[in-house]
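Presented below, as C-alpha cells, is a lone chain in the form predicted on its own.
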Amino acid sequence: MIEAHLEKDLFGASGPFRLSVNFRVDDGQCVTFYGPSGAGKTTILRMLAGLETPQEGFISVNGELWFDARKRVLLPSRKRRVGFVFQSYALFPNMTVGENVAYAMQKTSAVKLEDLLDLAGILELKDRYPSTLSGGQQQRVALIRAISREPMILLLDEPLSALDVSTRLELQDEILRIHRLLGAATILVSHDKQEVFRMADMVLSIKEGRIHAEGSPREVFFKRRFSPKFAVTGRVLAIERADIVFRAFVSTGTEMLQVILGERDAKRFKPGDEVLVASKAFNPMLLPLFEPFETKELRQVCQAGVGYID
C-alpha cells in the first residue's frame, strides 16, 4: 500500500504553482493520474521513484518510509523497489534486448531472463538492438525491463502515447495482464480518457497540481450537469459559416464529427477547445463499420433518422 502527501513548487505554462496532493494506492490497484500537460503528473511519479525530491510531505510504502521531510528520511532511488516505464522508452541503444532487461535484474539468470522475454512475446528479439525494433516492440522491452526488478510499484508515464491505435489497444491488454500477474500497485499517467476508462480502477484528476476529482472512471468522467443519451469528448478543429448557421469540425480521437451551431454558440468556441458532443434527442445505434449493410437494414437506419456515410 502506498500513502503519500507531496508538495513541491513547479512552473507551468501559466506560471508558477504549488503541487500539493494526498493519495493512497492499495496493492493490486491500477490508479491513473489524469489531466492536462504540465499539471504535475510526471513529477509525482518521479518523486515516488526518488528521481525528484518533494519540498514537504512523506511517502510510505507498506509501512516503510521512503521519504519524510520532517524526519529527514530520504531513501535513495536505487533502494526503492520501483519499476519505471518512460514515455521515451529509455532503452540503452548499445545493448541488445536481452542485455537491456538483464541490466535491470537484481540477480541475472539466463532462465529467468528468457522467461521474462517470453512473457511479453519478445523472446525472438533477444539479440536485436532497440534501433531495429518497432515502437510497440520497444515498449514491450521497456515494460519487461521494469518488472524484471520485481517491483512493489509499477510506474507508467504515458507509455503508449506515441503508438498507433491498434498497437495501443494490444499493449493496454499486455500491461493489464502483467499488472494482474505482479499483484503490485500500478500508477499510470495518461491524458487519454479511453485508455484511462479501460485500464484504471481509480482515477485522480489533476489540474495545476491539485486533485480536482477522485473515483472510478465512471464517477469521474460521467459526473455531468445533465444525462445525455449520447456523448463523446473531442477537440474543436475549425469553425466555419455555412449559409445562416455555422459548422464546427470536432476530432474525437480516431474520428471527426460535424456539429451545426447557431451564431451565439459559434462565438463561444474556438479551435483547440475541448468539448463534449452530446444529445438527448435520439437513441444512438451501433452499426458494423466495415461490413456492408443489407438494403433492409439501410432503409431502417434512414427511417430512424440516423445518417449513413458510405
Partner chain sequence: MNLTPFFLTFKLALCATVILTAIGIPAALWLANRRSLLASGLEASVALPLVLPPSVLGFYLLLMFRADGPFGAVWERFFGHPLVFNFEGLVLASVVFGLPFMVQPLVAGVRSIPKELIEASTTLGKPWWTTLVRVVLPNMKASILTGCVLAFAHAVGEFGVVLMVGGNIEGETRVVSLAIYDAVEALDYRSAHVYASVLFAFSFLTLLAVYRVNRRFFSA
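These figures come from a predicted structure and were not determined experimentally. Numbering follows the first chain given and starts at 1.
There is another form of this protein, the form predicted together with the partner chain, and it is not shown here; the text below is about that form.
Residue-level contacts in the model of the complex: of Val236, Val232, Met105, Leu182, one residue has a heavy atom within 4.5 Å of the partner chain, and it is Met105. Between the partner chain and the residues Ala69, Leu51, Leu257, Val275, the one pair within 4.5 Å by heavy atoms in the model of the complex involves Leu51. Proximity of Arg78 to the partner chain in the model of the complex falls within the 4.5 Å heavy atom cutoff.
The partner chain in the model of the complex comes within 4.5 Å of no heavy atom belonging to Ser134. The closest non-hydrogen atom of Phe86 lies within 4.5 Å of the partner chain in the model of the complex.
Within this chain, Arg247 is remote from the site of the partner chain in the model of the complex, having no heavy atom within 4.5 Å.
Heavy atoms within 4.5 Å of the partner chain in the model of the complex belong, among the stretches 196 to 204, 112 to 120, 78 to 86, 166 to 174, to residues of 78 to 86. In the model of the complex, Phe86, Ser88, Ala90, Leu91, Phe92, Pro93, Asn94, Met95, Tyr103, Ala104, Met105 are the residues of 86 to 106 with at least one heavy atom within 4.5 Å of the partner chain, listed from first to last.
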